[in-house]
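One chain is shown next in structure tokens, namely the form predicted on its own.
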Amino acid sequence: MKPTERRILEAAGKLFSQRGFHATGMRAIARAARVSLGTIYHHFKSKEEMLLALLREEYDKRRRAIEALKEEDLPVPEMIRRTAELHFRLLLETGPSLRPLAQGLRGLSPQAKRAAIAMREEFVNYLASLIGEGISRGQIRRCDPVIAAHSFLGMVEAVSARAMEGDGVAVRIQERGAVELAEIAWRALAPDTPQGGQR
């Protein structure tokens, strides 16, 4: 990515976080990025394109991190725990700028919604393949990997959204959320024990 594009995206992400996506105008992004409005439009056709570029970066960051975990040849349960912690931490770092996506894509064009959903599905399928690998190794209970991956992401995203509220509960979630989420995610996927099929 070119330095100017990087500067524009960083400015857009910060403003989306502070003001909200719909309340942020292209002129404000241009001012914050210290570029002309024409320069903005040379690189990005719309705010939605910027938001989708930010989202792509976030999913790519998660995928690279999971690939790095795979290279460590960790057991699948440990990868599940670390993935929950990683996704939670990254959502807290960049979540506010992507809040329109966490809020069900309200107000975005049908094309932008489809593009955002496709990116999320791509990541879900990546997680589902990891869960499927764990099932085949007997390290994860038999389940539908795609539904399990959607459940996993939904849980982490809901808890991280609550962690952004700025009250006492949010502080507790920020401090302990990653560990608790990792444990809950693993308990949901842990294989049945031989005694009576209870986990």
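When you see a residue number, it is the position in the sequence shown, counting from 1. Whichever C-alpha set is largest while still superposing within 1.5 Å between the two forms counts as the rigid core. These numbers come from a predicted model, not from an experiment.
The same protein also has a form predicted together with another copy of the chain, omitted here; what follows describes it.
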**Message:** I need the one stretch from 32 to 40, 147 to 155, 45 to 53, 63 to 71 whose residues put non-hydrogen atoms within 4.5 angstroms of another copy of the chain in the predicted bound form.
**Reply:** 147 to 155
**Request:** Indicate whether the candidate residues G25, A116 and E133 are all in contact with another copy of the chain in the predicted bound form, with contact defined as any heavy atom within 4.5 Å.
**Result:** no
**Prompt:** Should E121 be counted as a contact of another copy of the chain in the predicted bound form, where contact means heavy atoms within 4.5 Å?
**Reply:** yes
**Asked** Is R137 one of the residues lying within 4.5 Å of another copy of the chain in the predicted bound form, judged by heavy atom distances?
**Response** no
**Message:** G107 versus another copy of the chain, in the predicted bound form: is there a non-hydrogen atom within 4.5 Å?
**Reply:** yes
**4.5 Å heavy atom contact, E183 and another copy of the chain in the predicted bound form** = yes
**Request:** Quick one: name the residues from 11 to 49 with any non-hydrogen atom within 4.5 angstroms of another copy of the chain in the predicted bound form.
**Result:** S17, Q18, R19, G20, H22, A23
**Request:** With both forms fitted on the core, give yes or no for whether the Cα of L181 moves by 2 angstroms or more between the shown form and the other one.
**Result:** no
**Item:** Is_shifted R120 between the shown form and the other one (CA, 2 Å cut-off, rigid core)
**Value:** no
